[in-house]
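So this first bit is one chain, no partners, the form predicted alone, shown in structure tokens.
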Amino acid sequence: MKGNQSEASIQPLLDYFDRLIPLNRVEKELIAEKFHPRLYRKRQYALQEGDVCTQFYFVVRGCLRMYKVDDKGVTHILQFAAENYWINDLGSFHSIKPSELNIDALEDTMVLQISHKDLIELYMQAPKFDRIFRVLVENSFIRLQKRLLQNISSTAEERYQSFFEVYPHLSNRLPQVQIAAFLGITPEFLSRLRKRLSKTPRAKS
């Protein structure tokens, strides 16, 4: 390890990996070598449309969002990433082609980021991480499929309830306009929906 400061900055990621598969000393040293801390201030871009996504981000604290702005200027949020979440434009990251997406910070956000080159080296030096990241990508694909199905077949109320199941820690942190953009509804409709649900008696357990 590279001293106490480096160990402290990388510890949340080491804890995350240890919950999946325990790491040995060499693997922990590789993590400290390949991942680098970076602070993104609120509203600062980690990725802008037209640029190549060069980093894979693990959020230590704060919140990032990944989104697309359409031709009418409407924002469509694909993903939020708060503590212990990963985020990047995987297509741009692996193809090294310009991204059609944006990633920016909704709060001051500390991440641990790894470049494509360092990630490939990590796979080669410690095959365990090849398996770990394959599972991460598979889980991300499953969530994306579920989200697409919800957009096709679910009501706004069902999507709203699903949001709180996936992001319970963000319900009181995100502005209403951000949640509405994620759900594909207007902030006004979300306000009416919340008001209606708050008046709905909950079933007794």
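Sequential numbering from 1, following the sequence displayed. Bear in mind that the values here come from a model prediction, so they are computed numbers and not experimental data. In this text, rigid core is short for the largest set of C-alphas that superpose within 1.5 Å between two forms.
Beyond the structure shown, there is the form predicted in complex with the DNA, which is absent from this document and is the topic of what follows.
task: Only one of Thr155, Gln48, Gln161, Asn139 comes within 4.5 Å of the DNA in the model of the complex by heavy atoms, so just point that one out.
output: Selected option: Thr155.
message: Please determine whether each residue of Ile31, Arg41 and Gln113 possesses a non-hydrogen atom within 4.5 angstroms of the DNA in the model of the complex.
response: Contact check failed for every one of Ile31, Arg41 and Gln113.
- prompt: Out of the stretches listed (48 to 56, 142 to 150, 174 to 182, 22 to 30), which one is close to the DNA in the model of the complex, meaning heavy atoms within 4.5 Å?
  reply: After filtering at 4.5 Å, what remains is 174 to 182.
Contact flag, Gln11 vs the DNA in the model of the complex, heavy atom cut 4.5 Å: It does not: once the DNA is placed as it appears in the model of the complex, Gln11 has no heavy atom within 4.5 Å of it.
query: Is there a heavy atom of Asp18 no more than 4.5 Å from a heavy atom of the DNA in the model of the complex?
result: Answer no; every heavy atom of Asp18 is more than 4.5 Å from the DNA in the model of the complex.
task: Superpose the two forms on their rigid core, then report whether the C-alpha of Arg194 is displaced by 2 angstroms or more between the shown form and the other one.
output: Yes, the C-alpha moves 2 Å or more.
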